[in-house]
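Only one chain comes next, encoded as structure tokens, the form predicted on its own.
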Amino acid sequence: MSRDPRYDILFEPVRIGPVTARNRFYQVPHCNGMGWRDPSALAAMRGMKAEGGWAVVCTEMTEIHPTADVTPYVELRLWSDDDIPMHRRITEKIHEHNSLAGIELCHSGYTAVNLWSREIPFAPSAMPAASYFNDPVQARAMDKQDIRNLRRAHTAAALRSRAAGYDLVYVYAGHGLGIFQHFLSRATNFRADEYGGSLENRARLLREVIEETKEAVGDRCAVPVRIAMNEFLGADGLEPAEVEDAIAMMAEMPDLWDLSLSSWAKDSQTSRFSEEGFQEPYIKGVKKLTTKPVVGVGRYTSPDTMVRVIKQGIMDMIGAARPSIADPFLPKKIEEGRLDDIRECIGCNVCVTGDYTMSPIRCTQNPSMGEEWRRGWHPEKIRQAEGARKILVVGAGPSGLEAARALGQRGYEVTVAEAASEAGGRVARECKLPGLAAWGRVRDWRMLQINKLPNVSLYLESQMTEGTIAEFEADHVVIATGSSWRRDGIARHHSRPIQIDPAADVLTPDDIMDGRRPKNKSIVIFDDDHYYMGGVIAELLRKEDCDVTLVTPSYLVSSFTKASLEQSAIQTSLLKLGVEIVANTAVQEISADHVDLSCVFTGNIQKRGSSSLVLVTSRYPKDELFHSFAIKTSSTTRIGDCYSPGTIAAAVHSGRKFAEDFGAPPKDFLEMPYRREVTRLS
């Protein structure tokens, strides 16, 4: 297959200062939870993007000095020359595939709490430091010497970047995380000297640093500026019109303008709350202000949309973080005319949770993400089968489909038996809930790939039993039968079943997804799961004109989604819909005519009148078939939620892991299951 001529424009080279990108695909800086701790894994991940056709591949934010320490987050560091070899490993991996390597130098100002370095944070003006844990730390106001020192530190880091082999060296004023944005914004700059007050004064430091960075590296490296177009604070902060005025002042100074929104939660909105291209209204006015290339993001996965934004003059290069994670080979697939093979991002932000939990990046769609170095996984390739084996996969949910797809790609004969009338398991059910339609891509992509494999067969409405499995005479059986939501209330708060009157109207998310509805219009949802399900069920029932009270033992609704950057959007949406939220509270007892709620701190009880109840607590693995069959044979494995209920991303990873490991010599429990980067002391 060859490229459709409609997409030729996407493969035109773009000049960026002294360097040239071979096409318009630009992997913007993005965090990944590996950083300075896992440099080889990070380098392999970035190199995979370059192999997949991204002409520019950038790092995450890179701390330039000990006063820029964002611990506990694990980003890159370029504090001294000692860090250069780590960065050189990254640039070498990117250059292997003829791509440009970019580094996002960053000083995070008052958002760098310096927990590791124990330096005192500084900012344009004195203010409390901003951190995930509300650390009791304040940033001091910078004096003129501090500003000079910051400029010196940035220049030193830029020179180290050039020495490490980078082709693009960023000046970062975006996402509320860059100190140059803090100077630019009225929300954080209250100075009365030449660095405060008017827009020209607030932009002074940014101008100075651009000039100094260009002078330091501009003969060989391009200097992009990443800037926030909107802080969503109204006149109290940056708004598009004022940012455009600032850009106009500096229009030709940098070699590229990289446009973002602030904060990160606004910039990386989930598919639950935004569509592809959602940033276009904020960035479309910039191209008329500068002759320099402009790059922006918007979770673009459609090549037709990419062509449109180029032809409409909204941007010159297609920026991507999440789509490049879901499919590092997206550019190559467009170039080779394989559009239906694109593994489209579902916008769930599981990738972001890696950074927030200080753990290696993961992806729901691409289970090889973060595993390129430590497990040797590749998003497009897998080792060939070792001998002819006949494998039966019971269950066509996310783990079963991924296992079948990958085993089929290896060359094994695979049969998938699914009891339901459609494939997808929990994905097929959950993607019908409000805001989760894009999640169906997990099923759709795998089904399309399976349909291309002549050695993989899928049978729907095929309820398997111990007997029918035995009759199949497979060489190996994979049980991927998923999980079901518990009805007894056991989860994090309750380790023993809640006392429930048999006459009470109690449902689970499974009941709701099956089409059942509470008997009463007054409904209490008890959410002790703390991910997306409780909030989604509340939204669904409220939109069906029910009076909904969401009770949670946590201090926030869907509290884990702080790590996926959507908690605030979820709680705001529910409050606007009229959902009553009762936090720090647990359902203690369920009677036929009332519910007892208890304060998680005091234990004080309040009674709620007659209500139906939806328990969103924890899940049982549906492993009965495994236990009934596995005792008769050692050639049986359970995967995904059937093994241990978790995220969809975990289920997909489980399927890929089984396919990767199948046929390999078994490892002892005490063996390391993957490589890790260890400093050996002599």
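Values in this document were obtained by computation on a predicted structure and should not be read as measured data. Throughout, we count residues from 1 along the sequence that is shown.
Keep in mind that the form predicted in complex with ligand ADP is missing from the display, and what follows is about it.
Heavy atoms within 4.5 Å of ligand ADP in the predicted complex: which stretch among 215-223, 410-418, 127-135, 176-184? In the other structure, the partner sits against 410-418.
Considering 103, 394, 283, 90, which brings a non-hydrogen atom within 4.5 Å of ligand ADP in the predicted complex? Selected residue: 394.
Let me know the one among 305, 290, 462, 149 whose heavy atoms come within 4.5 Å of ligand ADP in the predicted complex, would you? Among 305, 290, 462, 149, a heavy atom within 4.5 Å of ligand ADP in the predicted complex occurs only for 462.
Flag residue 481 as yes or no: does it have a non-hydrogen atom within 4.5 angstroms of any non-hydrogen atom of ligand ADP in the predicted complex? Output for residue 481 is yes: heavy atoms within 4.5 Å of ligand ADP.
Contact flag, residue 107 vs ligand ADP in the predicted complex, heavy atom cut 4.5 Å: Outside the cut-off, so no.
Determine whether any heavy atom of residue 202 comes within 4.5 Å of a heavy atom of ligand ADP in the predicted complex, and answer yes or no. Flag for residue 202 set to no.
Can you work out whether residue 61 and ligand ADP are in contact in the predicted complex, taking contact to mean some heavy atom pair no more than 4.5 Å apart? It does not: once ligand ADP is placed as it appears in the predicted complex, residue 61 has no heavy atom within 4.5 Å of it.
Within 17-38, the residues that have a heavy atom no more than 4.5 Å from ligand ADP in the predicted complex: Heavy-atom contacts to ligand ADP in the predicted complex: nothing from 17-38.
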